[in-house]
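One chain comes next, on its own, written out as structure tokens in the form predicted on its own.
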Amino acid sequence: MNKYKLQKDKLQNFLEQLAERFAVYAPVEKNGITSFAELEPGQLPALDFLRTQKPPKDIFYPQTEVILKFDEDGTKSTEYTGKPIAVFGVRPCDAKGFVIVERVFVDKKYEDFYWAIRRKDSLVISIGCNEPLRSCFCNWVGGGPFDTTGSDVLATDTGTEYILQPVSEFGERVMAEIEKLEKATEKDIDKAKALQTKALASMPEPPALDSLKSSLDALFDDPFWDEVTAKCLGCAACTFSCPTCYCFDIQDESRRGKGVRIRIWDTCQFPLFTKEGSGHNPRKSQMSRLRQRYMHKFSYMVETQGEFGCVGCGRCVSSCPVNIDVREFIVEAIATARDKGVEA
């Protein structure tokens, strides 16, 4: 596929051309919080930081979403009816997160209509990470600062321009239709490759995680979990900032014969999440809830999807108010299983 060069002073024109066909979402900053939102006409994205505080999964899976309206005459669906969505400026870890969540929401047996209709004909343009943060560990879980998983186009920031590398045929087709987009030269491509190599080399060497799933399975009933949970507050900052957590609750709100059904993000870290109508709660302790989170990410999803349910974005590391570091947990779990001789 051809590679292209986008001068930064022409970014607004590039986005305006995309907006003719797509609803364009990009990073914005509001009230000190960075997240993805649809750009207003003439608005430029905020690209001077590496990672948004809020993950971009809510572009396709809103934090709060009305999924139908109802009244005395029946129900009415409220599916998305806007333009196809283009996401600009997502990081490779978050682009990979789209793929992981989509495997849950869309498969051969079940399709989540509300996710699927937003994802239809969508375009994902990611920007690689020249200088990964200290909390980043994408290379631990099969990714990297310039991983292309989930992207249609991967951009490399070379200072004054972006080198655009189409990944999918759709991405190539859209880039070819952008007017006045320059073809990248061999010199441009070599410069981008050098930045990509440097970024990956800057990340610490990841530990071997081949035994992580079997270690966790063997430790399921071990006192190890009590030590892990000792300082957890159950605040769920980790799950709400995670690009691959997808748990939700559904609530009906009605008044005077009409109302709405709402889907809203939920979390396995809250006591009410698994509380049954009888009053029984199979995960009544914080230990069992935190264990569920880690087992789901690093054991159950390996079994069902063939890979970890974590992209190594590091948001949970940065957002935890008591400094629980998932990387330390991973290393300790493998070492504990080995030392106790219970590793499968």
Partner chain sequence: MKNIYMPIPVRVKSIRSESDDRTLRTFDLEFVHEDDAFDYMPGQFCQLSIPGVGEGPFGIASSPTEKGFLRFTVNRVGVLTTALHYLREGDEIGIRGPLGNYYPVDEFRGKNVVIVSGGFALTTLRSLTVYLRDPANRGDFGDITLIYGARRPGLMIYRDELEVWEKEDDIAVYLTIDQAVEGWDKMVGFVPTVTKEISPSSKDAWVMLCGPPIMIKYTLPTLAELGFPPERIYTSLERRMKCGIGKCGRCNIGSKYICLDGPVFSFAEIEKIPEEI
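Residue numbers count along the first chain shown, from 1. Source: prediction; values computed, not measured.
The next section is about a form of this same protein that is not shown, the form predicted in complex with the partner chain.
Although the partner is absent here, Ala201 is not a contact residue: none of its heavy atoms lies within 4.5 angstroms of the partner chain in the model of the complex.
Interface residue remark: Asp112 is counted as part of the site for the partner chain in the model of the complex, having a heavy atom within 4.5 Å. In the model of the complex, Gly42 stays away from the partner chain, with no heavy atom inside 4.5 Å.
By the criterion of a heavy atom within 4.5 Å, Thr75 is counted among the residues contacting the partner chain in the model of the complex. Of the residues Leu50, Ala46, Ala37, Leu68, just one reaches the partner chain in the model of the complex with a heavy atom at 4.5 Å or closer; this is Leu68.
The contact residue chosen from Ser254, Thr185, Thr160, Thr197 relative to the partner chain in the model of the complex is Ser254, the criterion being a non-hydrogen atom within 4.5 angstroms. The chain is drawn here without the partner chain; in the model of the complex, the stretch among 223-231, 131-139, 174-182, 76-84 whose residues come within 4.5 Å of it by any heavy atom is 76-84.
For the three marked residues, Asp249, Lys275 and Pro282, a heavy atom of each sits within 4.5 Å of the partner chain in the model of the complex.
With contact defined as any non-hydrogen atom lying within 4.5 angstroms of the partner chain in the model of the complex, the contacting residues in 94-120 are Val104, Phe105, Val106, Asp107, Lys109, Tyr110, Glu111, Asp112, Phe113, Tyr114, Ala116, Ile117, Lys120, given in sequence order.
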